[in-house]
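Below you'll find only one chain, the form predicted alone, shown as structure tokens.
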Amino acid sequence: MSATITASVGAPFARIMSVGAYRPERIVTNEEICQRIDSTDEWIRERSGIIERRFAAPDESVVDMATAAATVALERSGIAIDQVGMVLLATVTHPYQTPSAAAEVADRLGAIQASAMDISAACAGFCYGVALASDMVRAGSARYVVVVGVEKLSDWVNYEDRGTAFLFSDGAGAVVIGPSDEPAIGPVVWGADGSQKDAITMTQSLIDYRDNGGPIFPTLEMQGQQVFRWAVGEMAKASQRALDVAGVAADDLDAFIPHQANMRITDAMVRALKLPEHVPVARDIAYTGNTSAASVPLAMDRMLESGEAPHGGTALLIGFGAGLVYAAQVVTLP
């Protein structure tokens, strides 16, 4: 006769309890970027909406920035560090295959009893993390989860590549997700299209770089028009599906917080969703650039800190990028 296994039981629902952000001190203007590429401040603003971006210091790591953002989120959450059951860290720029950045961050935070792992889902990584954390809290495998999106993209950019040099930047954003008595994180709508994996990729693998002797360290490369068409054509549809499964209408939103990929993509999504004018839209890219997995929590933090979005309001989140992967959900803002 087989034994009876006791299953874990979690909270009825989950919610985002707090958000924290870390923005590096160094401000990099379009003029500085244009010293190495044939472009202008006007062209960069017109094509992307970026006015300036932040770069981490040479000795400032993904782990450093993630720890800083998570520390703020934890302080704002009011929970004790020994209550954290999992640290989920979304990044594609941690320069070590192993150990995970999440394990280091958990140790620095003092969450020595927590499990920890990295998520590699590029610009969708944070929204993937929110979905996973919500499921963990509801399933009972963790009561509180720290989710961090962090990138140091300045280490992985070719500053002579006119198509990418002006886009990418550094930063970290974090949230604490815990139990809720009412629905506060909607069902996730996510997916991947690996047939378009070459749309955003690396110039070569680290193995190729090792075996072939270079000559150029692997950096990001992107097929801009292909990514633009995919994002404009498909991400508004994914956003609408996230609204539908959450039972929320666009008119009910208090904020729209998409991945800060490109201002023109954001504008196209707003039009496709027919968002009412009263719904504020995150445009953090103007002063932060594209921070990949960090962009959604950074934009969320800015909107809440500025008062542009209300605490306790309803927001639609969506992240999308290399893979090509995406994830969207409706949430109650902390």
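Just so it is clear, the model here is predicted, and its values are computed rather than measured. One-based numbering along the sequence shown.
The same protein has a further form, the form predicted together with a small molecule, not shown here; the description that follows concerns it.
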property	result
Listed residue (136, 222, 111, 72) with a non-hydrogen atom within 4.5 angstroms of the small molecule in the predicted complex	222
Proximity to the small molecule in the predicted complex, single hit among 162, 197, 76, 237 (heavy atom within 4.5 Å)	162
is_contact(residue 290, the small molecule) in the predicted complex, heavy atom dist at most 4.5 Å	yes
4.5 Å heavy atom contact, residue 321 and the small molecule in the predicted complex	yes
The small molecule contact at residue 39 in the predicted complex, heavy atom, 4.5 Å	yes
Residue contact check: residue 265 to the small molecule in the predicted complex, 4.5 Å heavy atom	yes
Contact segment among 82-90, 256-264, 172-180, 140-148, judged by heavy atoms lying within 4.5 Å of the small molecule in the predicted complex	256-264
